[in-house]
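Quick setup: the structure tokens below cover two forms of a single protein chain, split into structure 1 and structure 2.
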Structure 1
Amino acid sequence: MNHVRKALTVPFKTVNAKCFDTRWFSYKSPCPALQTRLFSNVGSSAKPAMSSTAGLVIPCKAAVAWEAGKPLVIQQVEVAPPQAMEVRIKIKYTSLCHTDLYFWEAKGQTPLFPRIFGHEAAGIVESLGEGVTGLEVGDHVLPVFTGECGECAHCKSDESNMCDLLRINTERGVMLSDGRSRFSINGSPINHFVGTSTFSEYTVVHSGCLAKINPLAPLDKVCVLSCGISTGLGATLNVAKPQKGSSVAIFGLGAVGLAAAEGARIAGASRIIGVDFNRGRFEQAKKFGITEFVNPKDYDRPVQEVIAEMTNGGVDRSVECTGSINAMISAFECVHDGWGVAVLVGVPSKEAVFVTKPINLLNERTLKGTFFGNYKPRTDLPSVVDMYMNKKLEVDKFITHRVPFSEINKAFELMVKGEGLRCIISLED
């Protein structure tokens, strides 16, 4: 396949790379009228065909995880040029997602160290590998943990975003084109993480895992749209699809759950019920459209029965964002018979078993699952960014902390303590 053919091996020199933040104007908006508004007052600017560092190894700083659960070490790494179908990008801002924390702690999976974590970020294209189309030097992009090759059955389907070639693989620490890492320290390879590894000033990503976005969008904010926020938002808007005036129950009020609530707010739901064991999350959740709160600990009966009683038979839609099997069962059984739809977002353990009575299905309740909110990364994420630019999607309220790259371990400390939603890590400071 073209996507995995090997590039020719050429000698590379090492240079000191310079950072750049030039805004380029090749962005293709899903809405032509929006693009006209965006660029009506912007003068034309020629775009160079190649960066000054193309084809060269770039030394830069990266936060390297050497052992499970140990603080990341900021040190110099060498980042090789992109090979076939790859792109090297300059990371401007990155965020910490719970998936990074989970694999950093190495709980329940095979450890793979040393490794450069990070997958929720925004950056600028520095250079392109052989065969890359649709991207140019200077483009603003969001790297995504899953991809869109455009050729497999999933990519060609309007109903799926689970690309055969570029679907998330947490156990792979190398690139697809040649099975080698693009990161090294003194000649020793450093493992990649989910094909992105954004805890580095420069990284190399498969071109199918990059969404080209509006160059006017603030990268320090839209970086959070490359994973968790879009997952929760899409679970509601693309899968649950609540109608205006409907009722929605959200199980789990972390960042993903609140993004699902944000989707319900955007859709015009009249009742958005938040379900969580942590009382401290309730007040904050109001900012995301939550109108009522339920703590399962407050009742001596299943929470689905409580919600059904509150809503005269059940909610129209529910979205589960915890990964707990009990929450999944409750989310399904709390929707109204005849038309209720429950969407599962959280990832349970591989051994977990979902159990419910068949009559719940026969009574015309629908159970659905979703992966990355059913968004195709390259095709759909630009429109999510446009939702923010049009002030339809409120991103700022998800950002609760900011730290410079040198203090990246503080972001881990905050997440371990359960403080805040998203911490932006600036590689510019």
Structure 2
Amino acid sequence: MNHVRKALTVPFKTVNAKCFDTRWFSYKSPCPALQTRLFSNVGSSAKPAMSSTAGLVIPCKAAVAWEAGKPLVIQQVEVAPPQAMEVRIKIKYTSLCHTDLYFWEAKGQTPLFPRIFGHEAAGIVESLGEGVTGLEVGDHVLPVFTGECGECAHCKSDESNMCDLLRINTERGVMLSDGRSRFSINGSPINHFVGTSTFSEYTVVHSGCLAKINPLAPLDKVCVLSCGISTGLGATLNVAKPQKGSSVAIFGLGAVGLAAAEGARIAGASRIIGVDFNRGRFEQAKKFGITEFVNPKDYDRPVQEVIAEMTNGGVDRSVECTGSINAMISAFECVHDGWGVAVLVGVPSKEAVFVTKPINLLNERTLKGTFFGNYKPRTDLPSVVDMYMNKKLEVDKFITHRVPFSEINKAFELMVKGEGLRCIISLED
């Protein structure tokens, strides 16, 4: 932890205290004067070359997780300026993805606290660290939990988005460049989460983990494209690649699974079988093109056998979006021999082990996995936003709840209860 403590000694100036009067601490609205100075011309062609807060520490509100499974505490944190190749952004909207919940619960994951979670979000560039190119103050951006350095073998390959430098690392709580945190409270560092930490009014992100998007896209909607929806959509369109008229099984009908179903619908699949323990998900799932529903609890035999019977030997493609190891095995074993392809998307517990008979593979079934639907964050994500802007992709139906930042814990409660799909947390209210 020594490298984290070093953060305490970094001599950053703090933003003029006048701009951070009691409104910052009463959790109502950020300093209006600062907001106006920073973003008054966002959306117009003239962007500020530099914000007045560049190079300064910004005190702001963040939702800090102090202990596994305990409600987040909204409190003031200090956000240091971005270092080389980093960008500080003002988060406008964020949403909760199951990956946040897993690491917050820390069951089967390495606990790392105190930590600022959050990785599905949309924001505006406030200031840039040294060496950042292709981004300007005022740009609208989606932060992504995995990045694109543009230089490594993965970034240069058309087949991979697993950047050597910036691929997801759930156990790192500091920034890459100097091994320190940009967040602190009274001088003590707070851990980052997957390089994004979007449950904060301001956050610092590596420039390779930011997608610059169409400034006309509504940030309170497209924020969900920064993780879950793009992940599910890409898992089907880029990895499973079902043919027109084929059958697809989707395990887990949360936002990621329903986005995978949306991908199957767009690809022209004729049967889209939804598998979930939660029957309540089915009504909603019909809006996403799910044609049949299977609840594994309704049967006393493995669900893969049920699906094989329903489909004359197995589905052509399956996409697992649960994080359950049993669902992963079922998703693989329910694809047809000879051509079936199963794609794993869910994040399993650290100890989970995938067990299947090798004959299942020898019989020409393919097992694949994907992070972020194989999209390269900087190169590909802007076009996913454009799919929404061009009405090819429906995003609104994924957004079932909205809460102000002060009520962020409600978003956690909803996800724990399995209610709704995506809850947008507004940092604007």
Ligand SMILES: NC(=O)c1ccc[n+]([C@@H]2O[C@H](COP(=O)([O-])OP(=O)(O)OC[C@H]3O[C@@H](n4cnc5c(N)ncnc54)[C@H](O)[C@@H]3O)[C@@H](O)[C@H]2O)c1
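What you see is a predicted model; the values in this text were computed from it and never measured. Note that the rigid core is defined as the largest set of C-alphas that superpose within 1.5 Å between two forms. Please note that residue numbering is based on structure 1, beginning with 1 at the start of its sequence.
The form predicted together with the ligand appears here as structure 2. Among Cys155, Leu165, Ala264, Cys227, only Cys227 lies at the hinge, the spot where C-alphas switch from fitting one rigid part better to fitting the other between the two structures. Here the chain moves as two rigid blocks between the two structures; the smaller block's rotation against the larger, from C-alpha superpositions, is 11°. On core superposition, Val347 has its C-alpha offset by 3.3 angstrom between the two structures. Here Glu309 exhibits a Cα shift of 4.4 Å between the two structures, evaluated on the superposed rigid core.
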